[in-house]
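Below sits a lone chain in structure tokens, taken as the form predicted alone.
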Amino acid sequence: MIQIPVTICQLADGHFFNEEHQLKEEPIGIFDSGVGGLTVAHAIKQILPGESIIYFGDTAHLPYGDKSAESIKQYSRKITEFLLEHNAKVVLVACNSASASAFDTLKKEFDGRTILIDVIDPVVDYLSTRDFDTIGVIGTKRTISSGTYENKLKKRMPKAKVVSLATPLLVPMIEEGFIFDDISNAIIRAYLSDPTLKSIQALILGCTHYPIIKNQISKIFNFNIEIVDSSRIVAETLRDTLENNNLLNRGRKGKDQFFISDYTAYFEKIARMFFEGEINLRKADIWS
């Protein structure tokens, strides 16, 4: 557990300023390559309504799944710095590709500066409490090729069989707005009919975009297997982390902020689907 130093000082008017109290009111930083992390952000707002968030969607570089590990590390470092400059009290890597390729690097580089949470370890922790013989994982090429889910699950669940399948078209499909239609249904069915996923009892949605099409995925399996959606699992891990570090905000929350590195109309459409009211969406070109 990271212990963040706290300062208490007396102001000129005789009142005391508690730095810890101010830190609790700072936002939760979240980043993803695009709209996928909004599924996690939405779950956080449901579980932790008193918290405000600052979200960064790196739409200029999406999808991360076909980028090199070094590129993803570079993007992740820059975005983490951006979120810390905007006073994020915690940084949540709401992207499986970044969690698989960059999370260990971020932990080393930002050790002592912030608390970092990924979207893979909480899912592995959850599944280790379940009794599945065969678990499937779908995700981007980068997430699947890294073997992160398989390796971590094997350590925690040595008797379980873990099978993985890259489904690279799903992220651009979702980002382009092809959901709940014949095109998306055909692509989803083509992937999930793969023999690799035969006889699985649970399927990990190894990309935070995928919960947007969770019902379509469930339907392919006739609703007979558990679809493991990381969004709520990660939100619950965040809640526990905030409580353990005395950072949970029980007071008045600030405004949520949404940044993207390149404007896409679809991002705003999905954001409005998850978050009612006006979306404070701004472009932040942090790469120039």
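For every residue, the number given is its place in the sequence shown, counted from 1. Keep in mind that this is a model prediction, so the values were computed, not measured.
Omitted from view is the form predicted in complex with D-glutamic acid, to which the following refers.
- Proximity to D-glutamic acid in the model of the complex, defined as a heavy atom within 4.5 Å, singles out one entry of Val91, Val171, Ala102, Ile204, which is Val171.
- Contact check for Thr143: a non-hydrogen atom falls within 4.5 Å of D-glutamic acid in the model of the complex.
- D-glutamic acid in the model of the complex is not approached by Gly29, whose heavy atoms all lie more than 4.5 angstroms from it.
- Contact between Ile54 and D-glutamic acid in the model of the complex is not found at the 4.5 Å heavy atom cutoff.
- Among heavy atoms of Leu238, none comes within 4.5 Å of D-glutamic acid in the model of the complex.
- Heavy atoms within 4.5 Å of D-glutamic acid in the model of the complex are found in exactly one of 188 to 196, 108 to 116, 206 to 214, 128 to 136, that being 206 to 214.
- Residues from 54 to 81 that approach D-glutamic acid in the model of the complex with a non-hydrogen atom closer than or equal to 4.5 Å are Leu62, Pro63, Tyr64, Gly65, in the order they occur in the chain.
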